[in-house]
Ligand code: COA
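Shown next as structure tokens: one chain only, the form predicted alone.
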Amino acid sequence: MSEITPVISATGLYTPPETISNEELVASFNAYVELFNQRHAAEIASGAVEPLQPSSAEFIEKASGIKSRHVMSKASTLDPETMGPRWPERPDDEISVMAEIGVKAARAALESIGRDPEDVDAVLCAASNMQRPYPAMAIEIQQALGIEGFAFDMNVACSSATFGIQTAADFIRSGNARSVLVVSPEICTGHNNMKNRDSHFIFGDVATAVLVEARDMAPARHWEIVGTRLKTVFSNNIRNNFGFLNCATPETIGTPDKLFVQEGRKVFKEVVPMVASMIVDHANDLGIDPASLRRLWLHQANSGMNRLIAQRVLGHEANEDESPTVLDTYGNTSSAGSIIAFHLHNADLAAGDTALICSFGAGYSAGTVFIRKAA
């Protein structure tokens, strides 16, 4: 029995309608800084507390390449007294916020090729931050879509989507499923520390979906999955300690170590060579010349990291056509970033073109998905 070839049949994207520009974010952050310094004036004067420093739009763009981001809850995120997304808690018989946006992205993927939910065998919810431990978000998305079969959650931080694609492809190859939805609803603003000058600007909110199927049922225009590879190396340089085992009291919720924290310079120094080498080695193992790759859809975390990784892979500084970015308008959307870039920037490639979807992030974790345009 010959091995079944998995392909990417379709992708879907849900973009929240509200946006926050760097200028709006800086105004909010600087108002918080002023309030903090006023409220702690005596401690600052005595030297017991360090005064907070203001941010600027120029600093944000230089540090990250981000100019704006889409968010699920703009007003509360910009409120200097709140500085985070807030919405009314929903009853258990109403769809959760995370599942709701995941369903919208999934439906967009299915509708783009006229696929019915009953044609899908499984749903993987692959994202950085689950709204709850259980029931699985994937099962809620599955139920809302009306899909039979099975569903489960997986979390590998910013690499969740590529890990999900390999898992789905393995299900296809083994014959355990013929059509699998990999859904990545990322409400990243909920775990970002908006009161930290070094990270208050990083994240945005979004949801993506990737439909992985057996080639014999895919539409004529699809992407063959040539090869996938995953890698993890433990590091504390990107961490989030929020969880029911270590956030048991109201006093601990929202404290700095229970939100996104990172050692940015260490991450840059360690992740860039690791990911670049992983891409080149994987390409060589597949018989692909890295320099011949038509396009790189890289994780949208930092423009400097992407520029250097692409240069090491291609052998020259990549232009926007070779390595497109969505970071400037979406911000860092964790596992969804490379999928957004693929979704928005793949239509112009020709049959036979070989390209790469790549993620990297906390863990450390990294995933490479080499794909080839079929038609």
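Counting begins at 1, following the sequence as shown. Because the structure is a prediction, the values reported are computed rather than measured.
Omitted here: the form predicted in complex with coenzyme A (COA). The next part is about that form.
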Exercise. Is it true that 55, 238 and 268 each have at least one non-hydrogen atom within 4.5 Å of coenzyme A (COA) in the predicted complex?
Worked result: yes
Exercise. Quick one: does residue 302 come within 4.5 Å of coenzyme A (COA) in the predicted complex, counting heavy atoms only?
Worked result: yes
Problem set entry | Distance check, residue 222 to coenzyme A (COA) in the predicted complex, heavy atom within 4.5 Å | no
For this session: Answer yes if any heavy atom of residue 197 is within 4.5 Å of a heavy atom of coenzyme A (COA) in the predicted complex; otherwise answer no.
Result: yes
Exercise. Applying a 4.5 Å heavy atom distance criterion, does residue 106 contact coenzyme A (COA) in the predicted complex?
Worked result: no
Seminar exercise, completed: Partner-free chain; cross-checking coenzyme A (COA) in the predicted complex, the single residue of 84, 117, 264, 273 with a heavy atom within 4.5 Å is 264
For this session: Identify, from the list 49, 63, 344, 31, the residue with a heavy atom within 4.5 Å of coenzyme A (COA) in the predicted complex.
Result: 63
Seminar exercise, completed: The stretch from 72-80, 198-206, 176-184, 276-284 that lies within 4.5 Å of coenzyme A (COA) in the predicted complex, judged by heavy atoms, is 198-206
